[in-house]
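Single chain ahead, written as structure tokens, the form predicted alone.
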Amino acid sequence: MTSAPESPVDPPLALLAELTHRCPLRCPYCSNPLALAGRSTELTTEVWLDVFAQAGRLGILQVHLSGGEPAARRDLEALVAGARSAGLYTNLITSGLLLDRARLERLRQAGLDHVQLSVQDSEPCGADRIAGFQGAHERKLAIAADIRAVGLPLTLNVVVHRHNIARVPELIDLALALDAARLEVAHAQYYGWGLANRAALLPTRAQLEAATAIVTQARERLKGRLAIDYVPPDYYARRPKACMGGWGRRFVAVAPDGAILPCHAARTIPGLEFPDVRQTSLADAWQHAAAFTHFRGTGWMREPCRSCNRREIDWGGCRCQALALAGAADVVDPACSLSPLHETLVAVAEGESASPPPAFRYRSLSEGPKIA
């Protein structure tokens, strides 16, 4: 197997800047790793500002300021200003709970371009139970109004699963009521805490098909008024998604502790060493680090991927999912019907989704008490 790229590597489109793993919410579908980075390991303001400057020089166009909850960083305004100075389009991905109108105004003045606000459900009781935070939903509605009041564009993001999928129509109505320009309906992806809670989260195939039909109809009906992005789940698919647009092809992530990653879950793969942004430049990591070149392109592929006519469309699917479900990162993603494990995966999905859901294992730095 060769790990060399097959053609010159274009710069990544976007940087995912995971500023912190701290978050007031405890969502059971969170894709952060089970071993969360503590505050003492987080990069300093100065290092993040250098990362953004490097990103601009590398040709990256946008930065997604994420976490955890990025507003837990007291230096968020300075980080936004630094990203803007580097020529990056700045998107804040937030729960909203640590924001208020005054801080939003400061962020806008610092150069923030866009806010992506998460909601967990269309009604307070279900939303607060999923978030593991009492009163979260009402606070989110208030901050959504503040986002629009200060003149920032708003995307509403909702992760759907068996506990809220029946309310997709109400979630679309909520996005309209909050004056969002875009709604992202993303089925839970089973990494990190999401994988630990898979049996509690998987919807049935019938629920998936109903939600897909609703979104398809709403997209046509609301064209020009509300853009709706739709991220389907892998577990009922026939072909896998091109995870992150293909390994090491479109996105680069920097973790709270400085690790430079092809995707936020990449550290689950044993045997890969990920460079530290304090010791290796983004450009060098992107072009040359083995963690990026190992699964880039098609040279690493085994059969059936190697001879598949979709090999440069889905790029073999997700390497982290292949490891989690098949035990090896260099085999076909079991979400693909060509995988010998595909039917087993479908059977697992159908069995777990038809069974009573177990209690949530809430995301927490300390595995603390749960909301009933």
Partner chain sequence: MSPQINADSRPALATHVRLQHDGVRQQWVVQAPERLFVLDDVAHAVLSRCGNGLTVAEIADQLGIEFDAPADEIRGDVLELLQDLADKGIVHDQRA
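Positions refer to the first chain, counted from 1. Predicted model only: the values in this text are computed from it and were never measured.
In what follows, reference is made to the form predicted together with the partner chain, a form of this protein that is not presented.
Contact here is defined as any heavy atom lying within 4.5 Å of the partner chain in the predicted bound form, and by that definition not a single one of Pro24, Glu77 and Ile143 is a contact residue. With a 4.5 Å cutoff on heavy atoms, Pro153 counts as touching the partner chain in the predicted bound form. Leu58 belongs to the set of residues with a heavy atom inside 4.5 Å of the partner chain in the predicted bound form. When contacts are judged by a 4.5 Å heavy atom cut-off, Lys223 counts as touching the partner chain in the predicted bound form.
The closest non-hydrogen atom of Val348 lies beyond 4.5 Å of the partner chain in the predicted bound form. Per the 4.5 Å heavy atom criterion, the partner chain in the predicted bound form is contacted by stretch 61-69, the sole one of 38-46, 61-69, 305-313, 318-326. With the partner omitted here, the residue from Ala181, Ala110, Ile214, Ala290 that has a non-hydrogen atom within 4.5 angstroms of the partner chain in the predicted bound form is Ala181. Only one of Gly87, Pro232, Gly299, Gly245 comes within 4.5 Å of the partner chain in the predicted bound form through a heavy atom, and that residue is Gly87.
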